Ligand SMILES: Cc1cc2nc3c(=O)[nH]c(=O)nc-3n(C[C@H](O)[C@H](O)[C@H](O)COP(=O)(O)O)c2cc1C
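Take a look at this one chain, the form predicted on its own, written out in structure tokens.
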């Protein structure tokens, strides 16, 4: 049986997300990102096309990292300004029935108690279609925005993240028993007090005593996603994630990343297949390959390459604006560039990688240009490398998704690479056929379920 792929629209409730400069294109609605109808129209389009989900990115803070200033991020709207994706998800709950709604939230942004209640509320309103992309925020501006002196050390951020998710797990999984809600008007009792437990979490950063404010939602714990690529990030994903977002520069690179993360699962009591792998890609589609190439050239005329440099430089922690874009990277003695350069070289054998190539690597190495049949062939290659799904980045909104839905999805369905219809149930049940709405017992969150019946036994330190 052919393994089908999962397809998510990868968006951000901001002016400019991946292909910077295209907000100026006459056929995009990106400039109207504050208009709710842009997003409700998109959600309806995606559901009609039977996309699996809408995956919303988020970035906090504006770093002065391009030419030593924050100006280009503000001028070109590079992830700034942006709106709260969780609020957008709430608004989209009422116009969709099946579409998964996945949003990014950093451990910096909210206390676990407030965040856990917000997620439970959204999971109720969507009947179990919520996913959380767990991020640690790797820019100093985000840390300062929330009152920290500076960015927490890399590995320490993942220890913080583990404490954060452990606290949330105990609220979602350990407070209300399955039969705690009686909803008994005749007997005059809504809930059974003995079955609603006070959790006591004491970790390195959070101390929480009390009961979860929301009743158990359809999934209890949302579908969990993580996108770290470092060893610490991959360890965190192996322990906690149900899906991980990778941005490999080639199918072979994806194969290596998947093998590495799968190799980490056994040590934490999990197994290959417990994590889905979503690869970031984008598409330019034509009736023929030649037409697609022509459309790609026309699209590229709108791209602001300095903005691309500012985006990638910020992510790598390097001021690209102060360096010669045409100089071979191997001649630059700049910490933080060599590892990424190796990935680009592996994806482009024999190429002398220049700084300009790094600026476009994330957007253009992951772009497939061609006819629907060519794109289906390439997606089959990525699937054969081990990916389970694709986060599709857009160039125009909603045009990129309209083209994919109209022209590529029918070909993928004929080949068994895309779903024909939505499976019933929650997001977790849709993405893991045969599983139930809740996390499996091998996941660390399930440990919180073992403490029902004894408040004292809930006092577990992280």
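Every value quoted in this text rests on a predicted model; they were computed, and no experiment measured them. Positions refer to the first chain, counted from 1.
In what follows, reference is made to the form predicted in complex with the ligand, a form of this protein that is not presented.
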Which one of 122, 227, 72, 180 is close to the ligand in the predicted bound form, taking close to mean a heavy atom within 4.5 Å? 227
Just to confirm, with a 4.5 Å cut-off on non-hydrogen atoms, which of 221, 136, 309, 175 contacts the ligand in the predicted bound form? 136
Would you mind picking out the stretch of 411-419, 30-38, 426-434, 52-60 that comes within 4.5 angstroms of the ligand in the predicted bound form, counting non-hydrogen atoms? 52-60
The ligand contact at residue 90 in the predicted bound form, heavy atom, 4.5 Å: no
Exercise: residue 365 in contact with the ligand in the predicted bound form, heavy atom 4.5 Å: no
Closest heavy atom of residue 192 to the ligand in the predicted bound form, within 4.5 Å or not? no
Answer for residue 385 alone: is it within 4.5 Å of the ligand in the predicted bound form, judged on heavy atom distances? no
In sequence order, the residues of 72-106 that place a heavy atom within 4.5 Å of the ligand in the predicted bound form are 104
